[in-house]
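So this first bit is one chain, no partners, the form predicted on its own, shown in structure tokens.
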Amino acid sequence: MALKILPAVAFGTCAVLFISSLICLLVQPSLELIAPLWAALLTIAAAALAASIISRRPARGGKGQETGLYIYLDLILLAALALAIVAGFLSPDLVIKRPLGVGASFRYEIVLPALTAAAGVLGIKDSVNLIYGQGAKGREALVFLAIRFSAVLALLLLGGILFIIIYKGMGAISWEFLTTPHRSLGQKGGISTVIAGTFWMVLGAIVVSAPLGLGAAIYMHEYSKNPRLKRTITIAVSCLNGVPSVVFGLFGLAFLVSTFGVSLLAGSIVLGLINIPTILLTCQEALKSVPNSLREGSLALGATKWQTISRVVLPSAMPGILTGLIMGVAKASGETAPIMWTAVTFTATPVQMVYGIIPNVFQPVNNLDYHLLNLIYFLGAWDVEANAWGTALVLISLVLGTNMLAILVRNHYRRKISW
């Protein structure tokens, strides 16, 4: 029983070391009270590992002895790090300066958590090896542990980001903040014109990209019989999907602004061009998911090609199509670089309506991404931090909300489809 308890103690201690050091790397709090605790945990982990090695039976064969050497080296590193913390070699005034003034300088708040995280990883590896052995079972346990931890770490990072944005942004959210325009360079007022401008710009992008993306997907999968043409279009769309968004902004500045000026129309066209690859590829996969037996049955009953597509294929592929369109909305609402030179202004500009229902597409508008970017520029010079966090919360809520809507719509239509 002791052979299992001692490595388990070392494993739990090293896991606490690793997780706490990662949190400190992200938050960077004061390490005055945390450093002694880490030294104690490192000492306990090293002692548990050493006691576990002593209590184990001698390893048989050269391979087991060679692996034991690595465990001894890890023990020395754990003990050395604990001693360095206690003796003050790792003190708050520690700074690893950048060479020749180039690059970053690493301070105590970065160096100590990084070393502790590395020590935690080594301790976890040695604990698993002592519990499961050095063979295939031990390697399998290490791989599964790494995979599970990767999933948990991804959730923790996402949750940490959301928690910080919600925690710091909720204080700025109010009815006045959401319904009044900003003034005094974002220090006062709200983001009503910013929300309205973002809404109309995203809607315009979908109007531009949805017919083109869906139409191209229908042609490629339902009509085109030339494999070389389909392969060429697929390669072109994939390349277009990999083009940096700032290049689209440069294209809009060169070819659209000269015609339409800095306007809602120019920004909607640029965002629509960015969305086309996403919508096209998503719709194409949705059309591929429809069984050919449905097409053949429709044609056998006397329906034309277009009747089959419009009344059989498209309704069956609707979950994937709507998911692609909503994902396009989320992508368009999160772009900044393409609209910086084509559509937006920081001055609080309400969207002018024609006949009360149609926006004036030839006017510049406000946008959440661009507004947040300018508030970040003003940090330190103006009192805009609270409004910046509030704007970030509204923006992340918009993106997460559209993605959640895509999931709900997809699940709703999937329940209605059976074949």
Partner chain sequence: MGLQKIKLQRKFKEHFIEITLLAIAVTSVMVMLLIFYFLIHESLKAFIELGAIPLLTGAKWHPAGDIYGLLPLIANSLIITIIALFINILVGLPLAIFLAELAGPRSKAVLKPAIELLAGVPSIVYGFLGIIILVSYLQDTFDMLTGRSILAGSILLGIMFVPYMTTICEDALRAVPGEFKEGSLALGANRWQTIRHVTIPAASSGITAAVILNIGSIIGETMAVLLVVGNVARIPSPIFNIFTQGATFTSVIAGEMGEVPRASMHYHVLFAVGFVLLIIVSILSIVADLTRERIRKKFGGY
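Just so you know, these numbers come straight off a predicted model, no measurement behind them. Positions refer to the first chain, counted from 1.
If you look for the form predicted together with the partner chain, you will not find it shown, but the lines that follow are about it.
S.K.: May I ask you to state whether residue 28 is within 4.5 Å of the partner chain in the predicted complex, using heavy atom distances?
M.R.: Yes, residue 28 lies within 4.5 Å of the partner chain in the predicted complex.
S.K.: In the predicted complex, does residue 372 have a heavy atom within 4.5 Å of the partner chain?
M.R.: Contact with the partner chain, yes.
S.K.: Hey, in the predicted complex, does residue 379 get a heavy atom within 4.5 angstroms of the partner chain?
M.R.: Output for residue 379 is yes: heavy atoms within 4.5 Å of the partner chain.
S.K.: Taking 4.5 angstroms as the cut-off for heavy atoms, does residue 154 touch the partner chain in the predicted complex?
M.R.: Output for residue 154 is yes: heavy atoms within 4.5 Å of the partner chain.
S.K.: Name the stretch, out of 222-230, 82-90, 197-205, 126-134, where some heavy atom lies within 4.5 Å of the partner chain in the predicted complex.
M.R.: Residues of 222-230 come within 4.5 Å of the partner.
S.K.: Work out which of 173, 294, 118, 337 lies within 4.5 Å of the partner chain in the predicted complex, going by heavy atoms.
M.R.: The residue from 173, 294, 118, 337 that makes the contact is 337.
S.K.: Name the residue from 313, 216, 329, 112 that puts a heavy atom within 4.5 Å of the partner chain in the predicted complex.
M.R.: The option sitting close enough to the partner is 216.
S.K.: Using a 4.5 Å cut-off on any heavy atom, which residues of 239-258 would contact the partner chain in the predicted complex?
M.R.: Going through 239-258 in order - heavy atoms within 4.5 Å of the partner chain in the predicted complex - the hits are 239, 240, 242, 243, 244, 245, 246, 247, 248, 250, 251, 253, 254, 255, 257, 258.
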